[in-house]
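In the block that follows, a single chain appears as structure tokens, in the form predicted on its own.
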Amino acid sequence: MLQRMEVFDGEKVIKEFEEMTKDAERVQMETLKKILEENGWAEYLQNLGLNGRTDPQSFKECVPLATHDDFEAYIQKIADGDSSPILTGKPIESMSLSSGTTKGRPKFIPFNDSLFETTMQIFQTSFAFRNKQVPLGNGKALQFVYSSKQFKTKGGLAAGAATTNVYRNPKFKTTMKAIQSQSCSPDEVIFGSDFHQSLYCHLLCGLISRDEIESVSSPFAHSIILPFKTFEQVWEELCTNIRDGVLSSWVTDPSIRAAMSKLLKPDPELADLIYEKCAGLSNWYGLIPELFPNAKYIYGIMTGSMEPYLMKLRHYAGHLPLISADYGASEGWIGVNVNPMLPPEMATFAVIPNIGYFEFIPLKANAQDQEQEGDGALVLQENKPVGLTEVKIGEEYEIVVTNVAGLYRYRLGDVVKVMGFHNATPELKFVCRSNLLLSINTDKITEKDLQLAVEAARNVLAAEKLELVEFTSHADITSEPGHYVIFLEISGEAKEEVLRECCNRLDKVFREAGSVSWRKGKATGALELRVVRKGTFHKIMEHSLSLGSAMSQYKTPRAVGSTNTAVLHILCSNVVNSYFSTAF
């Protein structure tokens, strides 16, 4: 499927995708067979007794559903230098680091050329559908991308963020050159040693090329917002750099300075134009199209945990459409956005049948899925996974992935809803992570519950013309009874009665989401709202980056566990107001 051509043929890519999705079941069988033929004699599969068989029935009978914990010992052997066939037939030569959002620490994910090929395939397919709707010319792209440093594992394997493994692959630039606008930033900015210096220079490069910019993008919605929030603070400095043709002295990375010196020339006329634009904006609304008048859209992951950022992103975007990027994870890609002009809240992703082998665990409980224990209590039994073409519209599932880099029947931990079919392949809407976000005693709060609760509080703040900047949560079990804590960072000063109403709204959603009896028996205390001072969540991001996290993968933790003492300390030491719910 991967095209390597000087001139990108989007129509051909779409035609191949249409043909493949019409015969999705057969393609899935062939994909599984190919994966098992290449890797069937690896240690992991041999230990399970697969013995080289490649049919789906034998595969499912021998290979159990698994999580990262089940693979960890095998992955560690590879990272420590064992080059024998452990998970794959061919040696794994690099490792990706997950974002660490789920467990609070990054984990190693095997990465190989096959996984890189699937990444290029989804980029090409996505661009083909996007460019059909909004054709780009020969301009440039303002891409807020950052390649973190790679390091060597004990066994000498290169390890870094998944995006870094892609950006640093020598085939990346060659393959991508034909399918997207040229980045306005030189490689030295993307691969810079300091994130803040790279961000500043991305902005500067964009302004220098303002009339050529056709799209603005970043991996995540929040990493598009951050540069423009930064722009609000540094726009006058940027104008000075452009007017004088001299880069600010605090940008000290030698490679960045050398690259920028080739681009930055004195341009008083451009500096005056940008100054006038900024001085004339009210509350920075429509900032992006004002700065880049020929931009056609804004592109990045905008679903799931990124949805809370859409309001702010739309503020900066003005009339420009927001296009949600495709659906995947560090473990591999899943689906492509074939309807790019739908608003992000409605975005769905058509599964590419040859990009991996997919199974889906139904989450709806049926009578036959329950059995009685001796005391008469009903116990929910886990439903058996179904195949890609067996899912039903309107139902929710947990995704199971068998990828091309040594993960077999891997529970990705994502809950999706089937919204329809594109030919014979399902179109999925991301719902939430399947693991519980918070729990005290027997109640269960998911990421989706938290988002709904925060949205209720956001509406209260919006009525007072206040903006919710960022949020997270914590289950405080040091008190008796334990209680939930929500941390909010707000754009301005809110009246006490407004914050108390926010607290009660948060609590109401939590009580509706939790078990029916949790408050009747006072098993869980009143929800607590803690308002933190401005910049608190920026400090959390800085802390994460200081520990080696990549900005290209950073996400605000939506739940902070009691063992994450550093982040809890940042939050608690910046609390300015605290309120307890009176809603029950």
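Small disclaimer: the values here were computed from a predicted structure and weren't measured. The first residue of the shown sequence is 1; numbering continues from there.
Separately, the form predicted together with a small molecule exists; it is not shown, and the next lines address it.
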*So which stretch, 283-291, 81-89, 236-244, 300-308, is the one near the small molecule in the predicted complex (non-hydrogen atoms, 4.5 Å)?*
300-308
*asked:* Considering non-hydrogen atoms and a 4.5 Å limit, which listed residue (383, 98, 153, 230) is close to the small molecule in the predicted complex?
replied: 98
*State the residue from 326, 427, 507, 359 whose non-hydrogen atoms include one within 4.5 Å of the small molecule in the predicted complex.*
326
*asked:* Taking the small molecule as it sits in the predicted complex, is residue 330 in contact with it (heavy atom to heavy atom, 4.5 Å or less)?
replied: yes
_Heavy atom of residue 111 within 4.5 Å of the small molecule in the predicted complex_ = no
*Going by a heavy atom distance of 4.5 Å, is residue 68 a contact of the small molecule in the predicted complex?*
no
*Partner proximity in the predicted complex: residue 205 to the small molecule, non-hydrogen atom cutoff 4.5 Å*: no
